[in-house]
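In the block that follows, a single chain appears as structure tokens, in the form predicted alone.
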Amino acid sequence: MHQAALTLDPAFRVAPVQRRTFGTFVEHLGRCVYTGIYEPGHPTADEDGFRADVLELTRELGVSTVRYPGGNFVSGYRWEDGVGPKELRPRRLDLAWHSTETNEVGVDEFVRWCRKAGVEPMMAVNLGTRGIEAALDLLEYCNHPSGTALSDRRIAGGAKEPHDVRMWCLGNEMDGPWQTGHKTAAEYGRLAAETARAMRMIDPKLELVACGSSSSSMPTFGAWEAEVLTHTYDVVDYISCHAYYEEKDGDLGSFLACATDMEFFIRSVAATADHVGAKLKSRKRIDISFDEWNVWYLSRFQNADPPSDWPVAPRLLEDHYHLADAVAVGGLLITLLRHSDRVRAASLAQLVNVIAPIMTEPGGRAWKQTTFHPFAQASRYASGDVLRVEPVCPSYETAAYGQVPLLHAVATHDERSTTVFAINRATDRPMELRIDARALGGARVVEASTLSAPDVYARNTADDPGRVAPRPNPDVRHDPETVVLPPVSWNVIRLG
């Protein structure tokens, strides 16, 4: 059995837990919207056509914010197509995902869904095929109370009160050649800066996100952030990061350590932002919105044959996750929490069907993928302050990242309890974790759960949705507090 130890001390405070860490993402891609959150005629559909089973699972997942409407989709989106009477809305070709967009769901429907789900809407504007004017029009439509053509158009459509969207993304992945309207860093930086300045003329208190790199492996990574922030530093609040991970060539050890790359990504972007701030002699700090992240088997999508037609809501990117995927997601959540001093918002991409924790069948059931559980538990139990923990544990060699610790962990603490979130990356044996809780005044382990399975590639299905789910961990001892973590597992340990 591997041996590990960590110390908990409320003095080791990183930052408050950021509720926006537990955001997700809804894009007009595949079945995320249509037969995902929206399906009139479904047995659970409400008066607006929203699936009540998906709404219930979204609440259980603990989602705080939802980014919309993309993603690559937004770079060709005309927001006006999705407002007004549904029977008059045009059908359009979506170049991003080679699909037909019906526009049955648009801005007003999305915000209405957010209110029902109890989540905060986060909107992206099109800086690919459009620009400043369209962004201003959308902002006025969403947030101005009344008395103008656009705000009155919203009211006429049934939304009397402003949508009051506070957080806005200035485009999406504009560094990517796959993006409609792809730009150089200088071209995008100038456009983003001018769009931000104009939007702030309407509402100076908006929170604005500039596009950072689509991946830390992009050839322009680092230089892109430096150039973009040189243009936008004084008019934005966040720079974005996007990252996806998958197991490659059967290298499970590297995959379970993918949070190592996310750590590098966050540190590098923060350092670049601070460097630009120093050059500009600014006292302002740019934070990070990690507004796309997940396990995504991108190689499967890239190797698939492109569609020959333009289908409506086709089955795209419907990865079916196993236990190891869930443990990797847990590790990424731990990393986001560990950097709560700088990562102040994040979005798991996506919410339903498309590389998602929730799956549905048209007209049928909705169920939880394995990745649902670490997200839901972290959202439920992370509260108060994030505590830095530095585990003492063995390491192992990975092909992708070199030597990596077998234990990856973080803790949160409030006046009622302390929670440790931990993954055991070991594939060969359990790990005995000893917790030094003396600084917590005699706190003891009151509850421990583990997400594990004999088969690391076990999946949940509609017929067996509970095959991989958190279960009580019976291997808990006291004096000192000790918990045995199964191999390849996500673990939640609560002390009180």
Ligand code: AHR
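It should be emphasised that the depicted structure is a prediction, and the values quoted were computed from it without experimental measurement. Position 1 is the first residue in the sequence shown; the rest follow in order.
Omitted from view is the form predicted in complex with the named molecule, to which the following refers.
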Listed residue (Asn103, Gln369, Asn72, Ser99) with a non-hydrogen atom within 4.5 angstroms of the named molecule in the model of the complex: Asn72
Residue (of Met431, Leu29, Val468, Ile435) lying close to the named molecule in the model of the complex, criterion heavy atoms within 4.5 Å: Leu29
The named molecule in the model of the complex reached by all of Asn172, Tyr244 and Ala349, non-hydrogen atom within 4.5 Å: yes
Listed range touching the named molecule, judged in the model of the complex by heavy atoms within 4.5 Å, from 291-299, 415-423, 277-285, 161-169: 291-299
The named molecule contact at Phe25 in the model of the complex, heavy atom, 4.5 Å: yes
Cys114: touches the named molecule in the model of the complex, heavy atom cutoff 4.5 angstroms: no
Partner contact for Ile355 in the model of the complex: the named molecule, 4.5 angstroms, heavy atom: yes
Contact label in the model of the complex: Leu317 to the named molecule, heavy atom within 4.5 Å: yes
